[in-house]
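Two separate entries follow, structure 1 and structure 2, each one form of the same protein chain as structure tokens.
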Structure 1
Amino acid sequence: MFFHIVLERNMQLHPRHFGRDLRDKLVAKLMKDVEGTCSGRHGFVVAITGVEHVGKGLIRDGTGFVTFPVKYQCVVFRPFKGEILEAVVTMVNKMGFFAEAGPVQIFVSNHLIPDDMEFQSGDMPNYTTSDGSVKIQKDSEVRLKIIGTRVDATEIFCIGTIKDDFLGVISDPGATS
């Protein structure tokens, strides 16, 4: 799920940046440091939308660096357990398939794929129903439910399922609609 939230961060700036463009440089550094990172609490920071407030800078003893408390608005993406997401399949193998929803990688093991879908190996490995009507392969879009998440500094990894009602393939990459 996406959120638009306000976060705060203490930014350290080297004295060489002091001058006319100090605020711009501060904002640029903020973007470089924060966009694309993850935290357990907020999830994945997708983009900074604005800077609300830059506080008074505090000079650090002995180094000359200055610390500015910065309040900024940003869009974050955080998957929740139980959340239903749409994702694109990136890889299929006999263990299950991997899918991506934005920056989040989701693994759906064959335990959580409906029993009537069988793995077919070949140059385009896929899971297909016995009558061939539903197929999951690379680039298929699926609707899945998150049942577990793990966040570290650079990525979010989830376990998903498509075994519930209304979950599964949304669109077939090869289908003509």
Structure 2
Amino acid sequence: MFFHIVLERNMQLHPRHFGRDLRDKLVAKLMKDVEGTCSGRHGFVVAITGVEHVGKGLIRDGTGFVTFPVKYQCVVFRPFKGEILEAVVTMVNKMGFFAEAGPVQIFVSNHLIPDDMEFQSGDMPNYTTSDGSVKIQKDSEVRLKIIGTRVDATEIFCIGTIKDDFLGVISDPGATS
């Protein structure tokens, strides 16, 4: 799920950036350093939407660098247990498949895939129904439900299932239209 939150960070800036456009340089460095990162507590920082406040700088002894406290608004993505997501399959093997929903990687075990789907090995490994009507392979889009998350300091891992009503393949890249 996406959230719009306010975060704070201390930014260090080299003296060569001091001048009329100090704030612009600080905001550019903030965006470069923060966007695309993951904190276990808040989730993946998708985008910075605004800077609320830049505090007074504190000169670091011996280096000349200045540390500025910056308060900013950002959009974060944090998946939760029980959430339904649409994801793209990135890898299929006999243990299950991996899918990505934005920055988060989700593993769906073969025990959490419907019983009527069998693993087919070959040059394009996939899970196929017995009648061949539905196929999960690389680049397939699936709707899945997150049943567990593990949060590290810099990464979020998820376990998902497609063994429920209204879950499964949304679009199959191998199907001819």
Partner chain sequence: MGALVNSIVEDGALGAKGSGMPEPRASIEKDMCTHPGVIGGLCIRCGQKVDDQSGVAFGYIHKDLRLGNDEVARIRKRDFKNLLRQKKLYLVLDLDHTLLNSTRFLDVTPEEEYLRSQTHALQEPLKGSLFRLDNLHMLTKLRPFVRTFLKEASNLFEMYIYTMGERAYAMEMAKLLDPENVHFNSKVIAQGDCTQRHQKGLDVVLGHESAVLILDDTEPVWVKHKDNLILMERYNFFASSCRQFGFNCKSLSELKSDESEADGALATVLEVLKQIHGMFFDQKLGDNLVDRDVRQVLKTVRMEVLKGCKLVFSRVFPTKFQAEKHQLWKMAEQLGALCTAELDPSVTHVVSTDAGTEKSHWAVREKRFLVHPRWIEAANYLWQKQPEENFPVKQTKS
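Numbering runs along the sequence of structure 1, starting at 1. For clarity, a rigid core is taken as the largest C-alpha set superposing within 1.5 Å between two forms. On a predicted model such as this, the values are computed, not experimentally measured, just so you know.
By the stated condition, namely the form predicted together with the partner chain, the first structure is the one that fits. Hinge residue, chosen from 114, 78, 35, 29: the C-alphas switch from fitting one rigid part better to fitting the other at 78 when the forms are compared between the two structures.
If you fit the larger rigid part between the two structures on its C-alpha atoms, the smaller part is left turned by 16 degrees. Taking the core as reference, the Cα of residue 65 moves 4.3 angstrom between the two structures.
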